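Take a look at this single chain, the form predicted on its own, given in structure tokens.
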């Protein structure tokens, strides 16, 4: 039985069964029955598309609360690069980082700095790689989960390097351990996330056995508190916190990762439906001349994450402004240090990314084929409008649900109307029939 954590949840009370979500879900993971949506966990990749389109705010992302900080003696905040794009241009990164100290954190480590380390590793990996192309970024967990289900044959082309979030947690904890003398279990690393997919990634990691991230706090939960304390500037007495350059901060929006890696030909695509179209092309054997593909589930990249506060275009402009301000910032790590990290292979994935089958109709192959044939027959018999009124996203999906005994053909309003019309005509025909006992068949007397 499938039983894994998913960040995306349904607020049952707020759901009005409007069917907006079923049309946008790229995995056809949502159905609406009895006036309420239901998320099929087995199919969900936590991309957050349903959160964006739900006007009733019935889809939510489950993240950790600030209370979780009390479980650790030393707490480190790991803000995502896109987080800096949530603030006004008048703010600077040093002030934003310092604000975390007012909220109970003991240290801050930029995920953008870890992104620079990952970029260096990927650059060297691409340079040495001589096999099948293109290679795919491993940075977006929603895209990886999409590939597990829909494009399993392309998984071998995912670069086996941990995400910047994971690398940041490991580097931050190692530094903190040396500085404080505390054990790893006493040090908590908390990612400030723009999306639900990264919450799920820390609970059910794909490319490592256990995540070094101990908690994930949504950017929307912490934003107001950061703004509140931005005025309390005390970094004059604090060590310099902002170590990332424009290269790492650029990972906050689409194309930033490719530019940071800076190798060969690259293609950057954002938006889960665009990513699916592109992967279908690659699956057909196209785009073999591209070295690297940066794929992000959220439109615009992480800055378009559903847990962010600002409109993605505003966030992108603000990030670009910050990047321009960072142009004179020199790299924190030397080329020698980055080469040593690559040679040691410290941040390589430890687990192979495995396919995740979800459409097993039957364990018996012959029965599965029969069911597949029946799905085709039912689909051909349905009107093909894909209207969603039945609660399934398409006629094909309704046919699958019928074969899986989760729905009926009469859930389709067109088929229901046909059946009602047929029954009405039969009833009318019956009404015209006069029983023999009531009919007058005797000869009429002449007047």
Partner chain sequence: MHERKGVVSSPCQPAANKPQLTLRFKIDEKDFLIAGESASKTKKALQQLGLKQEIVKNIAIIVYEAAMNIVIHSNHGEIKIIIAPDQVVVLSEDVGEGIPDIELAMKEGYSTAPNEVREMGFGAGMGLPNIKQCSNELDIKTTIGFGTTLRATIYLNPADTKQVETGTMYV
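Residue numbers count along the first chain shown, from 1. Nothing here was measured: the structure is a model prediction, and the numbers come from that model.
Here the subject shifts to the form predicted in complex with its partner chain, a form of this protein not shown in this document.
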Candidate from 351, 286, 337, 324 lying within 4.5 Å of its partner chain in the model of the complex - any heavy atom: 286
Selected contact from 328, 89, 377, 311, since only one has a non-hydrogen atom within 4.5 angstroms of its partner chain in the model of the complex: 377
Interface membership of residue 64, its partner chain in the model of the complex, 4.5 Å heavy atom rule: no
Exercise: residue 366 in contact with its partner chain in the model of the complex, heavy atom 4.5 Å: yes
Heavy atom of residue 178 within 4.5 Å of its partner chain in the model of the complex: no
4.5 Å heavy atom contact, residue 203 and its partner chain in the model of the complex: no
Proximity to its partner chain in the model of the complex (heavy atom, within 4.5 Å), stretch among 170-178, 151-159, 338-346, 314-322: 151-159
Those residues of 389-422 which, in the model of the complex, come within 4.5 Å of its partner chain by heavy atom: 396, 400, 404
